[in-house]
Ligand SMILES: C[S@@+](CC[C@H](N)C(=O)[O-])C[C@H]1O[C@@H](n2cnc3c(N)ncnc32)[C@H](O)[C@@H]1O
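What follows is one chain in structure tokens, specifically the form predicted on its own.
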């Protein structure tokens, strides 16, 4: 069981090979509730540019593309397996330039400053080697007044599944809220959701300062 758990946790952090491709399909179903909660916090407007960090199997990308808002969507992910999977899935959106994808880590977002009206990420927080670096990158690429939404499982859920023993870093809402406040975000709040697959989960949000 330990070997299986280690393999699963490694795949969740960085999908690869046939196991990773299978997992990406499962993640689309497993993350649906968290994606829905995170998306609801963004209050998106027509024509805005939106960035997703760690798009995985692309469920949230699809939700963004299907909104009748003509959004310009960008996604980054460090997994080549996820990149190939999503490139095949969204060929038309990529061809029409509504969707842009980058093989990149969240610690170094390939974007100019103040490009996006919203940044969203779901179930990736645990894998950031330097959370403060990623949050600074989010602040850098957000427009003044832009919205950041981070959805993540509770510490209790991760510990119950023994994921914290295999590379997952757990966060509590007060910790994440404090980090966002330190970086100059305002209107910080955390909303709570629950699903069969993820138990209780959170979405912590903040707005980039209008006067950075």
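From a predicted model like this one, the values you see are computed outputs, not experimental measurements. Residue numbers count along the first chain shown, from 1.
FYI, the form predicted in complex with the ligand isn't displayed, but the following is about it.
- In the predicted complex, the ligand lies farther than 4.5 Å from every heavy atom of residue 146.
- Put simply, residue 127 is close to the ligand in the predicted complex: some heavy atom of it is within 4.5 Å.
- Shown alone here, residue 107 lies within 4.5 Å of the ligand in the predicted complex, counting heavy atoms only.
- Proximity of residue 119 to the ligand in the predicted complex: non-hydrogen atoms within 4.5 Å are absent; the residue sits far from the partner.
- From the list 64 to 72, 153 to 161, 48 to 56, 183 to 191, the contact stretch for the ligand in the predicted complex under a 4.5 Å heavy atom rule is 48 to 56.
- The putative spot formed by 15, 31 and 78 is fully lined by the ligand in the predicted complex; each residue has a non-hydrogen atom within 4.5 angstroms of it.
- Although the ligand is not shown here, in the predicted complex the stretch 172 to 200 places no heavy atom of any residue within 4.5 Å of it.
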